[in-house]
Every structure is written in structure tokens, then in C-alpha cells.
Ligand SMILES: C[S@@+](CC[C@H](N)C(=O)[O-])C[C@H]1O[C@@H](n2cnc3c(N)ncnc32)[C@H](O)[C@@H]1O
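First, one chain by itself: the form predicted on its own, in C-alpha cells.
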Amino acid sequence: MTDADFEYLRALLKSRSGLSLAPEKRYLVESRLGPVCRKHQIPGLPQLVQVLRGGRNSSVETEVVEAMTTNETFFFRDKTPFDIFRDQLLPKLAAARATQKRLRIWCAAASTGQEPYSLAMIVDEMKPRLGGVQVDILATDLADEVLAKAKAGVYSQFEVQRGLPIQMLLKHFKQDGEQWRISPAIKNMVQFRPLNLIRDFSSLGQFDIVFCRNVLIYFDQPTKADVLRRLSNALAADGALFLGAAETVIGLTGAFQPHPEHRGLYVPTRAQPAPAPRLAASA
């Protein structure tokens, strides 16, 4: 693969997914795109780039982008955000939405579904404490392949052993040979939809809680700032944003501020009302 081919791939990935690929990541391109070449009987990466440059096979381009995105995830990943969600945010916001009777959650990088299904299991557990508030969970991702797996709700033994408490496995999953199927009740609590974070998502409406974890780390600084700005517009004034442990808003935007007690949790910054003008002293 020539330098020109690599630069073409870097530009393609940046424009299609926001992925900022460092020059030293050439080895990653070679390892992840090899299977795409073999699937389509393309001799090698130079020939793959020729196909992409030709622009006549959009399915190959989509597969290239999806192959380069990282889809590492597991149930209740990092645990602490889910504890905060269950013990503090969900009861607090459900009480605040007692009149509207609706609370909206968005998983903005849902991958194969473990994160939104983890939230759904918590919501199911917390129903008696929510005062009849309906909780809607929207889960989005760029990659069609991982969304298809998420919608199916079928996981291997290895996948359910990663982070999923045994009591939840037995309650919400049914074993089917060597796989485990999530219950229809939990599956139906999550709506999956394809979405690219670097594109406009204002049509999704407003959310009370947004999980956007471990995706901004793959973007360059201007893209991170732009996504965060638009996330702030999509979040209720009293809402909350979860980022990954290696992610931050500091130096990127003034629209969010870190929660003083919980790392990885951010709250919207709202402008304080201007002080009332002082009346001039009467003569």
C-alpha cells in the first residue's frame, strides 16, 4: 500500500465516520481490511483503494468504514456509570418528569447492544420506584452489522460472562444451544437506529440522559467539539451526559461541565440570568 493509498483511506474514514487515523496506525488498516479484500476477492489493499476511488461499490465502502470502527463493548462496562444511573440519575429525573410521565435515554454508540440492554435491565428493575414514568431508550450506531446483532439480542457464552451478573442472566436471557437470547420484554424496551454522530442528529429530539462513551477518543479536536456542541443542544437543561473514562469536555466546549463527584459524568452549562439593572438614585 502506497502512502497515497493510505492517505486516501485516512481521508475517506474521516469524512464518513469522523475517525481520525494517526499515521502510525497503518498496521491497523492492513489487519482490518484484509478480510474485506478476501470477502470480495480483491487481491490486496492497493486494488481495494482502486475500487473505492471508482465509487461504484457503495457496499464495499460501507464495509471498509465498519471494519475500521472499534466495537469493543460488554454488559455493564465499567460498572460505575450504571450504578450512578440506577441509584441517582434515574430516580431523580423520573421524579422531575412526574408530570410529563416520560423520560428519554440515548445510547449514541450502541455497538452490539450490551450498553442499552444493560440500561433496560436496570429500568425494568427500577419500575416500582419510577412512579409510572415511561422510559424510552434509543440506541444508535454507525455500523449496520453491529446494529443487526444488537437487534437480534443473541449473545455467546463469552459475551454474557463479560460483566453480566448471573441473576440478570437467568432472569432476562434464555439459553439456546451455545447462545443466549435476551427476553422479548427487555428487547422491546430498546429502539435501534443507524446514525452517524458526525452528521446532523437534531431530528432525534431532546433527551434526559445521553451515553456517548468511548467514541470521541477516535475523533480529532474540532470534530469532538462539534459533536459535544450538538449533544448539548439535544440534552435537557437538567440532564446528564456520560463519556468514557479517557474522554473529557475540558478544552473542547463550555456547553458542559464535569460533575463535581462523578468522573465521566457531565452536566449542561446554562448561562446565568443577567443581574437586574440597578435603579438610579432619585435626586
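Don't overthink the numbering: it's just position in the shown sequence, from 1. Computed from a prediction, not measured in an experiment: that's the story for all the values here.
The same protein also exists as the form predicted in complex with the named molecule; that form is not shown, yet it is the one meant from here on.
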Exercise. Classify residue 232 as contacting or not contacting the named molecule in the predicted bound form by the rule of any non-hydrogen atom within 4.5 angstroms, answering yes or no.
Key: no
Quiz item: Could you tell me if residue 249 has a non-hydrogen atom within 4.5 Å of the named molecule in the predicted bound form?
Solution: no
Quiz item: Would residue 213 sit within 4.5 Å of the named molecule in the predicted bound form, counting heavy atoms only?
Solution: yes
Quiz item: Is residue 146 one of the residues lying within 4.5 Å of the named molecule in the predicted bound form, judged by heavy atom distances?
Solution: yes
Quiz item: Taking the partner as it appears in the predicted bound form, which of 102 to 110, 83 to 91, 159 to 167, 175 to 183 has residues with heavy atoms within 4.5 Å of the named molecule?
Solution: 102 to 110
Practice problem: Would you kindly say which of 204, 96, 198, 154 lies with a heavy atom within 4.5 Å of the named molecule in the predicted bound form? | Solution: 198
Quiz item: Can you name the residues of 77 to 107 that have a non-hydrogen atom within 4.5 angstroms of the named molecule in the predicted bound form?
Solution: 77
